[in-house]
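A lone chain, given as structure tokens: the form predicted alone.
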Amino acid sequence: MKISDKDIEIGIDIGTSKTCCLIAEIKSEEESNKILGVGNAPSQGIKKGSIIHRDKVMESIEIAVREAELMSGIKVNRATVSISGNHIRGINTQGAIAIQKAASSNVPMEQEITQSDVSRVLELAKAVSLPIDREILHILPQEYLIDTMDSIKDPVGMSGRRLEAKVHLITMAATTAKNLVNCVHELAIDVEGLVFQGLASSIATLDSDEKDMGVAVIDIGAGTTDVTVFYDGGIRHSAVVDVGANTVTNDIAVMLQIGMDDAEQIKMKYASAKASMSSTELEFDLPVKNGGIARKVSEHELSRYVEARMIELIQLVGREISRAGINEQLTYGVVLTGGGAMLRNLVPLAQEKFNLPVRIGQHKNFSGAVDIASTADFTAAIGLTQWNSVTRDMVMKDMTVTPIGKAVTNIKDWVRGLFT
């Protein structure tokens, strides 16, 4: 198989703790996709979405890419890349235009709306004042209004006098994006587009009913947590909370006076997000170094530290969800994904605190090496491979080149009816 095959898509998910490269065969019309190759590498040069050591980031990407290439037999020379971090911001905005009537006609009548009209109204909607160091990452239409008709998903071909677009803009720090793209380019890989990590996870885990009826996707990474709220088919709010699963690991390391690597292993093996669901009698040995004294701690005592930190994270996420203004309309509740979602008993704790249905997000309609990429920390990488098929017929090509350069112009694609 060659990388030029049109059905082959590649996603590179660069996180604080892990870099993942996933190669998949995407057949959107059949809803039968196949994972061909998966590669993983520890991330050591990125923190909370920002690069702190360029060479280490490139090394992580290279290891993950080589593993995926070896498994799939496909050479990686292009990819869709995820981006996250506390520099990401989401805002709602809108624009409106009058529909121009044909020059040859002087009869007052409603005019048919064309793709050009949609382009104009989206151009107006995105014309918000941004600081000089920020760029628009995604323009995601929520709905269109034609005269008195609202909740329209695709206005092309309809008639009216006035067209209004309500959109959600996701913005990013331009320098952060440029540095990320440059690292990938150094490895001779073209960046087909940057995608907000929380949006990529949503593509992999949600169906149309959930997006219509209301759902919040919480992607808990190591350094940050992405929040994406859907209602009526569109994104109503997006944000990045500056707390992730590494905060829990750090608490364990400090409280038990052990190293971060040991704390991470103990967290995944013994910790519970709800202390009441852990054993007070089951004790485990703490690692001993440099002739230290042997110590034991119970699962319950460990889980008390963990629960306190997870409650704090849930409260921060809850504030972001409330900013969407649709709390009572989240019919499908909350979907947890990302590596932090694999913490034991997190679902019952989240259900208790959110007072909403909660489930762990899992990818759908994939075959192949699914066992290797079945856990919640692979959802963003899987969503990246679906990005082009989701937007293939809905992306407007007449876009302006940004200061980030041609490699990143795809991130400013105007997506029309993204999740219809």
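Heads up: residue numbers just count along the shown sequence, starting at 1. Only a predicted model underlies this, so the values are computations on that prediction, with no experimental measurement involved.
From this point on, the text means the form predicted in complex with a small molecule, which you will not see here.
- The chain is drawn here without the small molecule; in the predicted bound form, the stretch among 336 to 344, 155 to 163, 116 to 124, 308 to 316 whose residues come within 4.5 Å of it by any heavy atom is 336 to 344.
- When the small molecule is considered in the predicted bound form, Glu210 lies well away from it, no heavy atom lying within 4.5 Å.
- For the chain shown alone, Gln197 is a contact residue for the small molecule in the predicted bound form, at least one non-hydrogen atom being within 4.5 angstroms.
- Heavy atoms of Glu264 reach within 4.5 Å of the small molecule in the predicted bound form, making it an interface residue.
- Within this chain, Ile220 lines the site of the small molecule in the predicted bound form, having a heavy atom no more than 4.5 Å away.
- Of the residues given (Met268, Met149, Leu282, Met255), Met268 alone sits with a heavy atom within 4.5 Å of the small molecule in the predicted bound form.
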